[in-house]
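First, one chain by itself in structure tokens, the form predicted alone.
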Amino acid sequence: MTWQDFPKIELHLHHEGAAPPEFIRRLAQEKSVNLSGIFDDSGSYAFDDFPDFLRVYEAAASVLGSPDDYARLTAEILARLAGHGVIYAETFVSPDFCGGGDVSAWREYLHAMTEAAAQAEAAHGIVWRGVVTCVRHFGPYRSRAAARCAAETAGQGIVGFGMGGNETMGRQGDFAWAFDCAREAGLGLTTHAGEFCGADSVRQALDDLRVDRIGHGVRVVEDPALMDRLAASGVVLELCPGSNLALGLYPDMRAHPIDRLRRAGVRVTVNTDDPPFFHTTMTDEFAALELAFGWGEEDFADITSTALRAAFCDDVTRDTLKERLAAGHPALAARFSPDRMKTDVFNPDLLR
């Protein structure tokens, strides 16, 4: 079957990283900016490894210099997501790229994004919320400015705080001040860990930052005790299989640990990370997982249910999304039936 129309929720998507290369090239041409060296002959983003990916990512993001640029990008992203059945998306947005960490400038960028998102919701039915992120390789000091921006705009389309960037720079606990600031503002918390660093980086995230979700986290399979801890705690992994393959963590989808994690009772979601960079979509992710592991409608209903529960949105939004999911596919209707919901509160036995 095709998975394009299956209703989906995406929780791990970088706003700039979702910019199609043709959108960035067009914007660069409008501004007479030379971006030679970041595209290949076919017009796709070109990079060799993760550090080079970060270089290309930041070069592409450099042409996004105004609130209007971000409004246009938001409209583009949400229209594309809706075309793949996504009804709710949280994207990572960084004040470092949107006003340099200045709260007043950040408010202008955020206003532009929320207006574009409202128009996309009216046109396509997709709901957007933002997760403010600090950039790890920019250092702990700059993370504080990002956290202040998040705290000042909590509830204004912003529902969470997290950290992306180069995972090998510093330790999770170096950024504790920023996460404490965001926590006090009532925001959900997530951080990238266990991707290019080992399982201990996930342990640091749990112990030092006390996050609700982990971005990636695949390396926990190297530590069975930590995997058991995740399963018992309910902390959700925002998995991005296509990204992991594109960046060389695993040779193919069958080698990816998502199925092993799920069978161990770890709560997992499926996401695209930076889809134009990795030549993927949510439809592609579902299809690849079906091919690799034989997953079917009930499996993806489980994944979607986990994503709904793990979303940082308010309960009113969550209830509305639940109704739309139930109406969107028979497997989801069964998943969200009143009897099922009474007993299904992140029950790992339902994932085995």
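In this text, residue numbers run from 1 along the sequence as written. Computed from a predicted structure; not experimentally measured.
Just so it is clear, the following notes concern the form predicted in complex with a small molecule, a form of the same protein that is not shown.
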Query - Listed range touching the small molecule, judged in the model of the complex by heavy atoms within 4.5 Å, from 253 to 261, 162 to 170, 105 to 113, 204 to 212 - result: 162 to 170
Report task. Work out which of F312, Y70, Y57, W295 lies within 4.5 Å of the small molecule in the model of the complex, going by heavy atoms. Result -> Y57
Report task. Spell it out for me: taking the small molecule in the model of the complex, does every residue among H14, H192 and D273 have a heavy atom no farther than 4.5 Å from it? Result -> yes
Report task. Check whether F53 has any heavy atom within 4.5 Å of a heavy atom of the small molecule in the model of the complex, and answer yes or no. Result -> yes
